[in-house]
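Below sits a lone chain in structure tokens, taken as the form predicted alone.
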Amino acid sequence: MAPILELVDVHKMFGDFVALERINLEIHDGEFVTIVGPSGSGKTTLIRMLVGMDQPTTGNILLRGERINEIHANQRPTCMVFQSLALFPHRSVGENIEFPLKIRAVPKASRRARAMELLKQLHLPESFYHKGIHQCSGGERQRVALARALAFDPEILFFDEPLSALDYRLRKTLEKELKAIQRSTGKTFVYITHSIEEAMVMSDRIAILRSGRMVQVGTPDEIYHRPRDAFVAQFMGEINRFSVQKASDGTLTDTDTGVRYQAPTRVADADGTALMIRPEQIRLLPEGEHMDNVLSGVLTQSYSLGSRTQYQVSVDGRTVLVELLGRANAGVGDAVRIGWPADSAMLLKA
């Protein structure tokens, strides 16, 4: 199936500064794609070009196969939900939702009917139609902004960190609602965020930018469990990292301590020099239990994460993170053994 939106060798420069370099990305109809990356990676530049607020220096942006580089934002069948929401504070909720329909000269009765339909879809009472924006909570404003974006039935909706200003509990609720709305409408959502958690919860695929380059695109599971390199592995969450060299017998030698590790059988990068293990892949071992890789250390800290507990274990002068469901039968200051199966680790390019 041909993509609804495609970037082909997109390059963007500001003077001598390269903001984006040879970006290639296909987005398919009905997908929820999230673009993430550290500050300065090019996320804002990319979204500005996708919505028509800026143009590539070279390369092409294609909508259903047609080049749209020079087509202005208001002439594209797309819509943007900004971080600031950009709602009209002096208008009612209904007037805000109807605004894109009004400028397209849609009859008043049809505008109102569409607004009422969207209020229901966004879980807002019909009485909100006459409510002032200034009377709405942060979460209600988010729903109004989304209703306005959906009003004229765009083919693609773009989002620029719309949940970043909300408190944690409301953000978690709206993450699930956004995904549910995307599924129910069948619309294509392209979402920009700095939050890995948002990306993991909502996305069909995640695209990771680094210094203006697209370094990996994949499903949340692929990105988290099969990162392409050490940068992606670390960006996607906490991880333990050991610098290693390959030994002649196929094992890995820790370059800092000389400890030998069994290597994972599936190696992502034949030249990998970073052995990386997620905290949840490591166990605290009872006496007598063995694993492919075992280290001894001292438990120095524990942190409750609700249903999980994270432990810091000092091993040869460095800290190893271990994350367990519930709590371990060990306390701060205890000598402990930790271990992991060889294939739960990743050997990656540093």
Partner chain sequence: MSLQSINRAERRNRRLMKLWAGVILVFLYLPIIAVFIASFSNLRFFVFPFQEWSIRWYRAVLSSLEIQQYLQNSLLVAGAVTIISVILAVFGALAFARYPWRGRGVYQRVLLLPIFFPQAVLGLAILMWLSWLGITPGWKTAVFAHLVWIVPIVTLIISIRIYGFDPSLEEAAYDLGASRRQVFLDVTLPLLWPGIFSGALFAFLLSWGNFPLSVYTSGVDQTVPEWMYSRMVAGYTPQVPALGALTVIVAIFLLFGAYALSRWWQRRQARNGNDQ
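Residue numbers count along the first chain shown, from 1. What you see is a predicted model, and the numbers here were worked out from it, not measured in a lab.
One more form of this protein should be noted, the form predicted in complex with its partner chain, which is absent from this view; the next part is about it.
Residue-level contacts in the predicted complex: of K176, R91, H225, K120, one residue has a heavy atom within 4.5 Å of its partner chain, and it is R91. Only one of V294, V298, M53, L305 comes within 4.5 Å of its partner chain in the predicted complex through a heavy atom, and that residue is M53.
Proximity of P100 to its partner chain in the predicted complex: non-hydrogen atoms within 4.5 Å are present. Residue contact check for T78: one or more of its heavy atoms lie within 4.5 Å of its partner chain in the predicted complex. The closest non-hydrogen atom of E95 lies within 4.5 Å of its partner chain in the predicted complex. In the predicted complex, at least one heavy atom of L87 sits within 4.5 Å of its partner chain. Stretch 79-87 is the answer when you ask which of 166-174, 184-192, 79-87, 198-206 has residues with heavy atoms within 4.5 Å of its partner chain in the predicted complex. Contact check at 4.5 Å (heavy atoms) against its partner chain in the predicted complex: none of F235, T251 and R278 pass.
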